[in-house]
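Shown next as structure tokens: one chain only, the form predicted alone.
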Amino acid sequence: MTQQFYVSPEQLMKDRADFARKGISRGRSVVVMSCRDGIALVAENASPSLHKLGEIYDRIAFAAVGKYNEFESLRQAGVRYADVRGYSYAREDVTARGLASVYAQSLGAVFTAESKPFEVELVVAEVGHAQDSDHLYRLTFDGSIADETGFVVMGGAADAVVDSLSGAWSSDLSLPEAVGAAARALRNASRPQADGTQPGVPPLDPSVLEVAFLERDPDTLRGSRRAFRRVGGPELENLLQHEQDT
């Protein structure tokens, strides 16, 4: 009979956490930023179809890093949860806090009970009618949840992006200005110098960026209650070029 080795619960949880962190660290970074006109979501992503950013409901969006198949299954589950709750009660009853709680329970259950934890990190963002009522919930692979203010950065180069954004972020930024600041921070972090010096501001390449907005007042701007809007093509090129020129 084969003798099984004993592994303490502390060591088992540590090994799982290290495994998940290693997977997430290989992913390119994502920035979610609250600003004057709404919430900007900016990701390094060269794929035009495998999105890291997505719409969940009227004023709620989703951003993720890590393994695509795992966070895509969570995004789809979130859409189903929101649709059922909105249909069963009222659209106003679908909140980012409720969705984040559901995600936290799911991630925590997988982390403790399954053989492999999810290698993902998520943000559930809800844009308010005033900036004070914006919500940014950050969820990690073990089901931990944090209510963040200002901006959130996830992914392998998160520390470098946070350092770059700390001096650039302001609550008065417009959506285009927020996208420009996030894009510069992502590009700076992905082009480190071998000697450790600051790399300066490299050209902003829209082909490797995925950008979306949660607009604060979509009824007035577009006559729609859906706040989520993707930005790409010529609009993104013009936006980044304007930022580069200023």
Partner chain sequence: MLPDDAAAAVPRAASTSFADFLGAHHPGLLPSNRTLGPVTASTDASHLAPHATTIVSLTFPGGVLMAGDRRATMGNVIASRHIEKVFPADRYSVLGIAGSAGIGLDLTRLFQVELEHYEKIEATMMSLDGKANRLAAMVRQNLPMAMQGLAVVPLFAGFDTDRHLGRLFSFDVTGGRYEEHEHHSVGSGSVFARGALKKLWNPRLTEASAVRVAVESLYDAADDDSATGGPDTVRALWPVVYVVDGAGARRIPERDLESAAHTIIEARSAAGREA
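Numbering follows the first chain given and starts at 1. Given the structure is predicted, the values throughout are model-derived calculations rather than measurements.
There is another form of this protein, the form predicted in complex with its partner chain, and it is not shown here; the text below is about that form.
For the marked spot (78, 83 and 91), a heavy atom within 4.5 Å of its partner chain in the predicted bound form is present in each of the three residues.
At a distance threshold of 4.5 angstroms between non-hydrogen atoms, residue 57 is in contact with its partner chain in the predicted bound form. In the predicted bound form, residue 225 approaches its partner chain with a heavy atom inside 4.5 Å. In the predicted bound form, its partner chain lies within 4.5 Å of some heavy atom of residue 103. Using a 4.5 angstroms threshold between heavy atoms, residue 187 stays clear of its partner chain in the predicted bound form. Judged by heavy atoms within 4.5 Å of its partner chain in the predicted bound form, the contact stretch among the candidates 103-111, 155-163, 130-138, 169-177 is 103-111.
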